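This text opens with one protein chain seen in two forms, each one given by itself as structure tokens under the names structure 1 and structure 2.
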Structure 1
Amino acid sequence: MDLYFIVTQLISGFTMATLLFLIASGLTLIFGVGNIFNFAHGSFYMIGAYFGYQLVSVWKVNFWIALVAAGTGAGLVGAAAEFLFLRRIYGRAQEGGFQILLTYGLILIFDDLVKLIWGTEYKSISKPSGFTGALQLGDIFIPTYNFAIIVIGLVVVVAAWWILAKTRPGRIARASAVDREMLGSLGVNVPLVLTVVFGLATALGGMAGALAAPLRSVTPGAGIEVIIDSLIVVVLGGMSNFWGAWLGAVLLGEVNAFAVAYLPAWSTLFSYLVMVVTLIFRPEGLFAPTRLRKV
């Protein structure tokens, strides 16, 4: 085994992990704060990719501006969906199942809307100028765009942790996860907090979609393909923990990278295996919040 290859593969795993994390981060946020299980999160990823396509490829907007705009757009759609539909089922008995179903309904609707607006053809976005090449260190290649993704991923995880842990809006958001009634009686507009958080979470998903689009194909149904892997990441991380999700993504990415290199015939089994093994030994994920752990 040469060392160069091991390092290369580590970086590959890390690239994959970062995109997984970026998609899953929104899912973590909304579960951690709102206790909402957004099965349609992948659809916001898809919507972000289509918004990115429309802005960059059709309207020729600068890529980085488009990235922010696509995320914002997906976030607005998300906030609207929360305001119109999701908030009507909060607090219901068996809410979890209803959340899954409601968001499943949204998946169906968004997939069809995308098909109605953009058709079934595959769309694509070019990489931003200056990010088409690769960095080279000896035998190790890192495409500059992949490098940019890794950096953005790190920025997001640090920023999200900082906002949630150190700022007042972050504290309010965390408080709403623990006791909504108490927070409401303190004069905080809890429904508004949830709408905003849902908007932010889907904006993260949408941004991940636009960011991934230059590396992937933009098609209807793209959302459903990423949701299961994102779920695995979120579960590994303990459902509501940003660092947990980030580490869960790294674990999944690296296991996959080395499974591909050394056990290629069985590589597709590993993501499920990692999840099952982790959950057998730590049923509430690697970083379960203590309040959820039961004796």
Structure 2
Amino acid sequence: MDLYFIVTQLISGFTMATLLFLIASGLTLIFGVGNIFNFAHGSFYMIGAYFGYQLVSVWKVNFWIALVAAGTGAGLVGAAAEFLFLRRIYGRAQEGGFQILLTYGLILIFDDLVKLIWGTEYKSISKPSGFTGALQLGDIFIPTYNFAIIVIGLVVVVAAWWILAKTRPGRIARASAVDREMLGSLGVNVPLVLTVVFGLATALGGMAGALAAPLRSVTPGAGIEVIIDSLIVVVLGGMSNFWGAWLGAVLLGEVNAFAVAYLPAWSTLFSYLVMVVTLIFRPEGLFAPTRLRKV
């Protein structure tokens, strides 16, 4: 096992981890601020990938403009879903069960919608111009686009954390996780806050889908594939813990990268193995839940 192989797998794992973190951070944000279990979160990843395909491969829009537009489009769809559907069940005694049933129903609806609009064939997006080669560091070559994913993903997520932790809108969002009634009595439009947070979180998922599209096929059902790993990331990091999700994503990404290299036939089992071991020794996750009070 040489250095080139190790670095290649580390980069591959970190690329996967960055995409997972973009998705899982949105999932964590929704749960931490709104106490909403959005089982359909992976569908917004799929929607972002299809928006990216439509913009880049069909309408020939610049990839980087399309990336922002795809994330924005997924966020608008997410905000609309929260406003039209999820808002109707807040405060009900069986809210948790309703959330799971409703968001699972959204998965089926979104899957059928993309089949209706784009068909069932696999779609693809070319890598952006200038990012098809590799960076050379001595004898090691790092795919340029993978490096771009890592940088862009980290910048976006750090910006989201900064907004939550350091700005007035972020403080309002965190306050809504603590006491919605008190926040509402202070004149804050709490339902609007939840809609905006839901839109921001789903925009992160949509951006992840558009970023991943040049590396993976764009296909119906892609949301199911990523939501399982994203949920594992959230469990590993501790429910509602923003940076715990980052550590969980890195751990899962690297484990999967080396598992695929050494034991490809069994690689899918390692995600669950990591989760089981974590839950045995730290059932609360790698970090204690914070509900975003200390993001």
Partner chain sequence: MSGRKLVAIAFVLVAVCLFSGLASAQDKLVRIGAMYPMTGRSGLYGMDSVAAAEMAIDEINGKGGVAGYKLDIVFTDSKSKPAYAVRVAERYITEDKVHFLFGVVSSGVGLAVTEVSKQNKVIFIGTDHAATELTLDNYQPYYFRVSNNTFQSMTAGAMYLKELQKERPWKTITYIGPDYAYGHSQLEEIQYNLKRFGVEYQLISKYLPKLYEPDYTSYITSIIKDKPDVLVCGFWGGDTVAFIKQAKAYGLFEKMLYFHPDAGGNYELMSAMEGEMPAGLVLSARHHNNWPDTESNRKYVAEFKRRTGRYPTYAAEGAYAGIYAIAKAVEKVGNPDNSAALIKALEGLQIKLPEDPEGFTSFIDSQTHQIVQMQAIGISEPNDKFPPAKMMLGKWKIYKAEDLLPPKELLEKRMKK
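Rigid core: the largest C-alpha set superposing within 1.5 Å between the two forms. Predicted, not measured: the structure shown is a model, and the values here were computed from it. By convention here, residues take numbers in order along the sequence of structure 1, the first being 1.
Legend: structure 1 corresponds to the form predicted in complex with the partner chain, while structure 2 does not. Core-superposed comparison between structure 1 and structure 2: the Cα of Ser267 travels 2 Å or more. Once the two forms are overlaid on the core, Ile11 shows a Cα shift of 2.4 Å between structure 1 and structure 2.
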